[in-house]
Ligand code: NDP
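The chain below stands alone and is given in structure tokens; this is the form predicted on its own.
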């Protein structure tokens, strides 16, 4: 059995979900009460691969909401308690979704293996970042040419380049895709210098410097609500892959030659009998899901019960290929721009899973 740990995108949405589940007391409770609420195992469902193999999964709501991010102890406790619940239910491999994986990595929760009387078994958990990175790269490789962008000559900016997903995307685009030039954007200068050395290239720029030069922009950092982008300075056409969380790039720059695609989202080959994606604003919630969640499914399909994605900058190209091949085999494909999807459908090209 595989598990998925997630959360609502806002406190208001969490209250609405509680009301839909008949939990009126929680629906009327204030944020302080939600801070102490335990995680909930909300549903169990089956998923059948294109190969015919069927597996069972569970969705655990951590009862975390983004409004709790400023509360260090609350945020970390929410993630740890959800992981403990997954382990106590005997789940083989569980993916940390949304802010839960960000909290786990940013606060280095791997140092805190003991949760009350439970010793967390790290091999039961994955961040899902390897699959996410691979799918984002496939989205670049498929959608950029569909817009007339020659990747062998293109400048590709990676915003959040030094993060776990960002660094993996950089390695793939440099070595596998062989893009014209990588533009490296991140906050910490020393990490950028280290990444540049490991890549053997790439140009370090500020966001303001990189955006006007880039034919493709891969966002794998959260986009600040206060950030403004001068649409007139961007190249046309320009492909932007919104791989951050939450996904809010389209509201800022989409239109007039700038094409925004939600990064790290995959579509399964058939409907999945779950309700969890209804609150994730997916266009097709019965089939579409986050790449990190799909990784847990793939690991269960493949019988790989290990922390496949774990820690910063540990993603290898070999593992990206392994999980990518499994993704295609079991019936996932990355969502694409409408124009790219129609072209790929006509040519029979399978898109990668996110």
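Bear in mind the structure is a predicted one, so any value in this text is a computation, not a measurement. Numbering follows the first chain given and starts at 1.
Below, we turn to the form predicted in complex with the named molecule, even though it does not appear here.
Asks: Could you spot which one of 276, 223, 234, 210 gets a heavy atom to within 4.5 Å of the named molecule in the predicted complex?
Replies: Checked against the cut-off, the match is 223.
Asks: The named molecule isn't shown here, but in the predicted complex which of 286, 305, 312, 329 has a heavy atom within 4.5 Å of it?
Replies: The residue from 286, 305, 312, 329 that makes the contact is 312.
Asks: Even though the partner isn't displayed, in the predicted complex is residue 292 close enough to the named molecule, meaning a heavy atom within 4.5 Å?
Replies: Heavy-atom contact with the named molecule at 4.5 Å: present for residue 292.
Asks: Against the named molecule in the predicted complex, would residue 270 count as a contact residue? Criterion: heavy atoms within 4.5 Å.
Replies: No, no contact at 4.5 Å.
Asks: Residue 73 near the named molecule in the predicted complex, any heavy atom under 4.5 Å?
Replies: Residue 73: no contact with the named molecule in the predicted complex.
Asks: Might residue 80 be said to contact the named molecule in the predicted complex, defining contact as any heavy atom within 4.5 Å?
Replies: Answer no; every heavy atom of residue 80 is more than 4.5 Å from the named molecule in the predicted complex.
Asks: Counting only non-hydrogen atoms, choose the one of 115 to 123, 169 to 177, 143 to 151, 245 to 253 that falls within 4.5 Å of the named molecule in the predicted complex.
Replies: Partner-contacting stretch among the options: 245 to 253.
Asks: Suppose contact means any heavy atom within 4.5 Å; which members of 156 to 180 contact the named molecule in the predicted complex?
Replies: The stretch 156 to 180, when checked against the named molecule in the predicted complex, contributes 159, 160, 161, 162, 163, 164, 165, 166 at the 4.5 Å heavy-atom cut-off.
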